[in-house]
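We give structure tokens for two forms of one protein chain below, kept apart as structure 1 and structure 2.
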Structure 1
């Protein structure tokens, strides 16, 4: 080979080496970036861990806070509000009653006919109406006028004369699923809004009175007979069907629980409550907080940027309003620090762009190539070209968030059982009859539990795990579909002045 030939060969070799070096460098960098994404998920998983030991600490903290909230007003982040409901329906309620259910982005109007015998519902008519963003953040007059006029149209359409004597005022159950200071069974003051509502001039007002006035204005001869939280409606309907029902939990857009408490344990109202017996207590557990909750930097930033900072801490880790948003925050960080979601930083930086139902659909994608995950990323987040292994990592993030949420909710439930002595920890004092624990039913409603099977499985599994195999068979978690609305109607029947 001549000198020129040698030079050319050497040049080629240098170029080949350079290309190889670039390729190797690229692969190393990309492997490093992939490693970074995996490390972020691993860190997140560790920070979100809910071992049974930790869950038991949450159970204890919940029971302690319940005691504190019952002892004095403001004694705990758990509000433990009185409801004045001291008699739960038992299936003997009779007649046609209406209910209004307001608690999220939809409100519902219902008309239910109760048979009066053996917990039988004869007719059940429902209309669903979306609430616009403007109404959620406008004035109380706009909101209540809208609700009353929708109710009026519904009554005109559905009121076919069954069981209704003209000119007799009809009784209505009003489910209002926000924190309220209850004044009586049929009245209560709004303490604060949650779940994205913010109608400033309604705070501090009696919401039943607002509705009564709006109904009067539209010419409706109706009156709020029972103002209830959605948990209370669910407990009422649960008890209507099964008298062993002692507590109810909602896990939907927001989360909360209520239960039947002995009045002599409600120390803060000892003067007010003369009769001894039981009363439903609305815990407002969305606001529960404990240092035992596994909080991550993503939860902290979500809270910092929320309109209700330092409030609803438990709700922000558990409920449907927030789970998708926690996942989005983790994915955004992964997009920033790795290249697994090509060109996605911008799209992933929009708060609440990943709604929980989409996250659930990705989590439950059973196809081997995670086709649904790819479709949702493309259609809803405008992110394309995500590799299969990156899609798998994304599903793992969804799993971590959902599992933590479900297990914390489970610990909350066992916390209530502990407070009322139904968790088996106190032997005979825990309601055991002849050595056997008593059957205990907890009614559950809300889209997350009812419609998201992975969430439901994780929660059921954790309740059994915490309770242990001796007590778990005596605790039944029972879905109480439409409890919030139908339960308010049955309470209107139970507390009706026409009864």
Structure 2
């Protein structure tokens, strides 16, 4: 009995030791896997670093590419296209004008009455109209006839006696958010359709002329006074409110910038430009690229798997279309190489399953237990049981991606200011008046900047860091919403034949 009991006790001790060894081994492996997750985030953070020194290199690269794009067609990743807009609104515009904003599966028509003094808008009326799939893939005549008919009904309903004299032609600002080769302020040839449109007989046609003909056919006495994109509309609206506005940037799902350039600096079009003043240049800065941009393996794989590989490199690092996707790719690798996201590899392997608004909501979760992060993981990614420390690590990834994007966008903005001599780097030639820098305003629109406070704070902070304490107080970043609508209308006023 004594021997049996001793054997049993020894057996129990061995079993206990074995269990303890298993538990210790599990804890060691768990710590190693957690350590791997932390190491991946640290590596990503180091690869994404945007020191002020690196940002100033991006500033210089942007300015160099702008010079090259102005010197010759195809000489730069930046298109640097002429808009032919050399007369920006200044707040003195008066009367009732219209805008058409066509850029997706809906379009907007607007009627806006400007007071003529003090940059004041008296009335603002708008109607949204969906576009059927049949119209998006039909003929140009069908699409533009539908738009013209909607415009006519809108004018008849909203016009309360202003400009109702039959012989007075109404002026329209047309925001057309598709690739166009601009021919004049009020005309441009469609290069290609995007966003689900596929109207073959419209490619290569003057879209403003198509609309003018449709309006004439419906009996609407209106003409396109200005054909613009949303970025140019934002600059126009910014200048309407503040004549020190020299550039505009859109940072939303996509991104672009435009600015006011001296015509004598637009070398590639010297034979076409007769005036010696300024003209708005559409940069198409989403395609900017430089070796100084902090590119990571996640950016490379995203680009390799995109339908426009080796294009829109800047946009893929800073715009709302891609930020959530970059975070997803980092989380996917963390899930593959650690156990911090239980059974999540498959759910995290779906491209673009993590949209940027969800990423922003997790990033800005201020609750002590990161409750919103947990809810989004469960509801949208079907990932449950994520520990608090893992959620904190996820938020850190969101912060790295957002901070890098905002600071690179800031470098792009300062690059524009450097090109036009408003960054303080060239002394008297740098837009200085009586020994101090000249006041400069940049109009900004887009959900990433307007609606994402952390992104906005990082961008503003970086602009100030790059410019330095002497120049930064003279540069104002101003939110300017609805450039595609109100901005187009005020450009119609600026170019009205009735002024």
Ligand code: BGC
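Numbering follows the first chain given and starts at 1. All values derive from a computational prediction rather than experimental measurement. What we label the rigid core is the largest C-alpha set whose atoms superpose within 1.5 Å from one form to the other.
S.K.: Between the two structures, is it 1 or 2 that corresponds to the form predicted together with the ligand?
M.R.: Comparing the pair, one sees that structure 1 is the form predicted together with the ligand and the remaining one is not.
S.K.: With the chain described as two rigid parts moving between structures 1 and 2, tell me whether residue 256 and residue 72 end up together.
M.R.: Looking at the motion between structures 1 and 2, one finds that residue 256 and residue 72 are grouped in the same rigid part.
S.K.: Return the inter-part rotation between structures 1 and 2: the angle in whole degrees by which the smaller rigid part turns against the larger, from C-alpha superpositions.
M.R.: Angle reported for the domain motion between structures 1 and 2: 17 degrees.
S.K.: Cα of residue 100: shift between structures 1 and 2 in Å, core-fitted?
M.R.: Comparing the two forms, residue 100 shifts 2.8 Å at C-alpha.
S.K.: Determine, in Å, the CA shift of residue 145 between structures 1 and 2 after the rigid core is used for superposition.
M.R.: Once the two forms are fitted on their core, the shift reads 7.0 Å.
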